[in-house]
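In the form predicted alone, a lone chain appears below as structure tokens.
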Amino acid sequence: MSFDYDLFVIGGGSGGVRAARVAAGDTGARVALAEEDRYGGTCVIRGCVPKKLMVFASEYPDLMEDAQAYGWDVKPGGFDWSAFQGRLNGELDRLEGVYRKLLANSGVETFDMRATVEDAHTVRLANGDTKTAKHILIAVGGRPVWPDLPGAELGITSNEIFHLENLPKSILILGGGYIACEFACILHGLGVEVTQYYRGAQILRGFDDEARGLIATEMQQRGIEICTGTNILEMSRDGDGVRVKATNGEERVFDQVMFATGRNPNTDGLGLAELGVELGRKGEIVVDEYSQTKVPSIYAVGDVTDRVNLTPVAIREGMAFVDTVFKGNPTKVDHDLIPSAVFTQPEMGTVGLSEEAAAEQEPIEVYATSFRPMQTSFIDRPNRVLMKLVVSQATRKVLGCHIVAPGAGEMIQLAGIAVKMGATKEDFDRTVAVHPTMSEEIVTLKTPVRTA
């Protein structure tokens, strides 16, 4: 049977674009890609990239205060949201253009419309056309979850935060994950009065307890109000604001309410379940270690599979798919020991197991230090940082590394190499410190603070 294409990709985010252009460019496969929104996906358009640029913008008030304390005659003015937003939109347009050019230069045919799956080898486009392909790759990503509560339509999610006409004077953020905490820090830095509600006992569930505890303390010291054990019961319009009734008995009015209560895969209405593609509880596509579904011709990568929802992981999965299907080199994606960063203020960088998870697995030693770094202690700022290693007693391998500090994301990328290679505590000890730096503490931790 002849097909229109060797590969049809549904979804123009990081994973889908990488798979499409490498399959076409490296192997000469006939490839098409359909995207109903903007090219670049969540990461480029409404996630990592604009968020990180907002992080940079939000750090300047502290930097200007520090500059004054260091003797510089600088005067902070007000933040011009519209000027920043204009530049941000220009950058996102540029990056989307880069993605489109990469696809075009690789020979990928693109369709700027929604596509659904008709059968194991057929895709239906929104204009009614059908296209056939030997292989179909689903890379449609995920979307923010809207909570089921009265008045929820009055809130926004992380998708809409970049498009606000004006910054609110006050905002309530519902959620305790990394998206909620990052935007709490960003908006506070931009001058918004921030309150955060989280139903759990401590923010950043799943991360190392000591690390997330320090981040919570630092956020509160900066002026962010964190209310744990608290959820929203209902919301209603109150003038230009939103009246919120909470489980802690309070009723308060905020200019804006943002939901950061998780994300679900974008599989609704794609026609997958009808074909026999297995979907999980949240709608995620169930795949094997080669990203293949129960229907042999259909594969899926990225957040739509709900494995490890990080952009570089989606790209790795896309590359492994091409190696497996088009290069004759069956390749599994290694989801173990993936470094990641949370861009709160201060940042957290983490790789491997938390102290709690490691202790459940085997006897461990914990090496940790928390201190005021030179740059801020010099000007009497109270900010603290954390450097922490979790070590196996039996093998001496570093099972986890956790850093809470400015620039932690940059540090953990390099520490991640050592941990991924199986470095032992003694390997860290043999490494000469770079002085004076915060990160030198990672190689000078001589005595365990506790065992478990």
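Quick note: we count residues from 1 along the sequence shown, nothing fancier. Only a predicted model underlies this, so the values are computations on that prediction, with no experimental measurement involved.
Not pictured, yet referred to below: the form predicted together with a small molecule.
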Note: exactly one of A341, V108, A133, L187 sits with a heavy atom within 4.5 Å of the small molecule in the predicted complex, namely A341
Note which of V242, I298, I224, A260 lies within 4.5 Å of the small molecule in the predicted complex, where distance is taken over heavy atoms; exactly one does. A260
Quick one: which of 371-379, 286-294, 194-202, 326-334 gets within 4.5 Å of the small molecule in the predicted complex, going by heavy atoms? 194-202
The small molecule contact in the predicted complex: Y178, any heavy atom under 4.5 Å: yes
Would P76 sit within 4.5 Å of the small molecule in the predicted complex, counting heavy atoms only? no
How about L174: is it within 4.5 Å of the small molecule in the predicted complex, going by heavy atoms? yes
Since only the chain is shown here, I'm wondering whether L88 would be in contact with the small molecule in the predicted complex (any heavy atom pair within 4.5 Å). no
